[in-house]
Ligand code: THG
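The data below hold one chain only, encoded as structure tokens and taken in the form predicted on its own.
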Amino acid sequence: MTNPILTLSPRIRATPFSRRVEIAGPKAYTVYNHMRLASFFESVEADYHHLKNHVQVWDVACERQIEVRGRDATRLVQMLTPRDLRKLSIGQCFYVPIVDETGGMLNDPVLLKLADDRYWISIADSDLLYWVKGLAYGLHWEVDVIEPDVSPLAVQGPKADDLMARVFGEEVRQIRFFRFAPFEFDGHVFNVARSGYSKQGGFEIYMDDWALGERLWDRLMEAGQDLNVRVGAPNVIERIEGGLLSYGSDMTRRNTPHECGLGRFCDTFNAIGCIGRDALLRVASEGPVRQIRGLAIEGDAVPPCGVPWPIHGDEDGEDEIVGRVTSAFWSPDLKTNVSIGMVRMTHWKPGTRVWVELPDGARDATVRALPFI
């Protein structure tokens, strides 16, 4: 069975780096925030090993920004999340669950504070812009909500510091985790953050001049030749091992932050003004009845997890469904299939034996704590 072809059109927007990505020869694309996102290049496993040992440049311009600015900017951003933003300082990034009035997850972005009255919300894959604009308009607050022309470029892997220092100077090594600072490139200043969608360490460059995109890309690739730099993309194996969740796959609007294991990012009692605060206070006091867990699935490499796979709680094959696997892949380092799923509280304790209903048959599995590594 061959993979279907993704037909590109203006509805699936290109990025400032698209031509360079095409030259590198991606084997597959996905669509993320109505933009192209490469899935892998040599192979998923080969890209995984390279990411863990060297350095990669990722086109993640699909991580669109929602800029909120104006006198009521802080007030509006706090309305979106149960995390207490009074602790957020200029130059700092916060991972923030975004919820609706029921406490359901709408997105799980990184929030950057550029000034006391200006923020960037670096979003996962959902049309959050319309929700934020609707709130701003309906409340008649003094705030502008726009999608600025900002295209993040990620540099990820254990050699990321060395590569970035060659392009932006040694000072870039001083950026602390989940902090950002301005750095000059060919007379233009970009915000550079120590962040990224991997556990291997690295940076995200918030590139806001389309004309400089290919020049920045080429400079990084040239500077990293002896570091074995390659074009890459977020890697499904590495992110499952690291317990990094995928909005729209592992969690949706039907889930609260507490079900997603994100309760530590909720200061619900102190997040005065959060639109879902009352609902989440009830959830926080009662506790969730299901929660995301890791599962080690036995047997050979599993097929792609295109639709959720039922998790059954009885090893004898009874029909009691206690959860669903939403992401899964063979881990070359752990020598097992690693996966992420939402599991009922009766079966979420690490070490619990369950079985998973795959398209090609049943597989035994063991519940694991996240991250795997």
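Residues carry their position along the shown sequence, with the first being 1. This one's a predicted model, so the numbers in the text were calculated from it and none came from an experiment.
Beyond what is shown, the protein has a form predicted together with the named molecule; the following relates to that form.
Student: In the predicted complex, does every one of S122, E204 and L244 come within 4.5 Å of the named molecule, counting any heavy atom?
Tutor: Affirmative, all three are within 4.5 Å.
Student: Is D108 part of the interface with the named molecule in the predicted complex - any heavy atom within 4.5 Å?
Tutor: The answer is yes: D108 has a heavy atom within 4.5 Å of the named molecule.
Student: In the predicted complex, does F177 have a heavy atom within 4.5 Å of the named molecule?
Tutor: Result yes; F177 sits at the interface with the named molecule in the predicted complex.
Student: Spell out, yes or no, whether the shortest heavy atom distance between G294 and the named molecule in the predicted complex is within 4.5 Å.
Tutor: Result no; G294 lies far from the named molecule in the predicted complex.
Student: Can you tell me whether F185 touches the named molecule? I mean in the predicted complex, with a 4.5 angstroms heavy atom cut-off.
Tutor: Contact with the named molecule, no.
Student: If contact means a heavy atom within 4.5 Å, which one of 282 to 290, 224 to 232, 122 to 130, 162 to 170 is the stretch that engages the named molecule in the predicted complex?
Tutor: Heavy-atom contact with the partner occurs in 122 to 130.
Student: Could you check which residue among K87, H140, R264, R71 gets a heavy atom within 4.5 Å of the named molecule in the predicted complex?
Tutor: Result of the distance check: R264.
Student: Of these, R253, R75, R219, K199, which has a heavy atom no more than 4.5 Å from the named molecule in the predicted complex?
Tutor: Among R253, R75, R219, K199, a heavy atom within 4.5 Å of the named molecule in the predicted complex occurs only for K199.
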